[in-house]
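So this first bit is one chain, no partners, the form predicted alone, shown in structure tokens.
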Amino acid sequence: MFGLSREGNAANVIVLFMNFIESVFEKLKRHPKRIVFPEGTEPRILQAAAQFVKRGLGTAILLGKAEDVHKAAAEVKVDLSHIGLIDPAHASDLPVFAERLEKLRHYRDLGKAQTLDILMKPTYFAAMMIQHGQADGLVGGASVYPGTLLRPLIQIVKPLPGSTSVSSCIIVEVPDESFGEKGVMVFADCAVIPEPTVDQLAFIAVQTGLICRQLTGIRPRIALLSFSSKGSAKMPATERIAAATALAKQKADTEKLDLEIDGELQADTALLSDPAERKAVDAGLVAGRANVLIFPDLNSGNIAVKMVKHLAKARTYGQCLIGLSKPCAHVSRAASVDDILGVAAIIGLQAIEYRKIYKTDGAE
């Protein structure tokens, strides 16, 4: 489905960008997936889960105390008859999950009682579900702080080969189709790592490129951003981006990945051809045409995505987590029902060929 040639399939690309998220829905309908939502009593999660099922995208699984979930669903008029519901405290998998959790490094000395208490928390139970194949993807974060969701995922879900940390990316669709690919771009990292190292930036760049390729079928044109373009300012901060660019290119070449990578580039140089030409940046496939933007730190990435969302009226779908062997997402506490639905569909689409794309066997 995602293995387009370098030139791509022009007809598919035209259809794809008529409406990005609708194209995701259409693809997922052909291969429905199981998405677990740890926050079963959150009204927006309930409504998004209902839409996920109604659209034929797959199975939605809510976690929480059964009476609390039913009460919350009634308040927002959501019918739970076609939605899965698991109360971790009474789940048949609880004893099995407890035995498995006790074998993990972070939980070996806790004892059975404390291990069971931990697993009764929906975020931990959901992490065990996704790691052990009880769901294809996980979406959470609408009503909890990032650490509440990320901690169990990082400790329980196996990392991707070569990953030393978890980061994130977000899909951005702006009304002005002259940017990115008909208005669609991917930004990273905008939510997790405050000051990524050279190795982390390179890993983020490559993995975000793979996600872009998978979701759009378009050859990724990845720009590592800075306040300098190609050495126009020489200092440690810009040299770090240049080093990360070189390492990302090396990783892509070694793994024979069809990714175009360039840096360090200023934002206007990455997005617009005229500034790239005026600043005498070497002609290439990235400068002026980037569809993947890698930010130097969390401050710049988080600020940028929120400004684009509100000032440019962009649609945003994320954060999709990078570095885990299973597809997971952490949505913003400000996310709307449509945002959550879109992210769930993207996570489902990632699950279709996750093992193949990321060269992981999915072993537990």
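Each residue number is its position in the shown sequence, starting from 1. Since the structure is predicted, the reported quantities are computational estimates derived from the model, not experimental observations.
The following text describes the form predicted together with a small molecule, which does not appear among the structures shown.
Participant: So, Ala72 and the small molecule: in the predicted complex, are they within 4.5 Å at any heavy atom pair?
Facilitator: Close contact is absent here: in the predicted complex, Ala72 is far from the small molecule, nothing within 4.5 Å, heavy atoms only.
Participant: Check Leu298 for me: does it contact the small molecule in the predicted complex (non-hydrogen atoms, 4.5 angstroms)?
Facilitator: Leu298: contacts the small molecule in the predicted complex.
Participant: Taking heavy atoms only, is Ser178 within 4.5 angstroms of the small molecule in the predicted complex?
Facilitator: Ser178 lies outside the contact set for the small molecule.
Participant: Within a 4.5 Å heavy atom cut-off, is Ser332 in contact with the small molecule in the predicted complex?
Facilitator: Because a heavy atom of Ser332 falls inside 4.5 Å of the small molecule in the predicted complex, the answer is yes.
Participant: So the small molecule isn't shown here. In the predicted complex, which residue out of Gly162, Gly284, Pro146, Pro95 has a non-hydrogen atom within 4.5 Å of it?
Facilitator: Residue within 4.5 Å of the partner: Pro146.
Participant: Report the residue, out of Lys158, Arg151, Lys279, Lys121, that has at least one non-hydrogen atom within 4.5 angstroms of the small molecule in the predicted complex.
Facilitator: Going through each option in turn, the one that passes is Arg151.
Participant: Check His106, Pro194 and Asn302: does every one of them have a heavy atom within 4.5 Å of the small molecule in the predicted complex?
Facilitator: Yes: each residue has a heavy atom within 4.5 Å of the partner.
Participant: Within 4.5 Å, heavy atoms only, one stretch in 130 to 138, 110 to 118, 259 to 267, 162 to 170 touches the small molecule in the predicted complex. Which?
Facilitator: Stretch 162 to 170 is the one.
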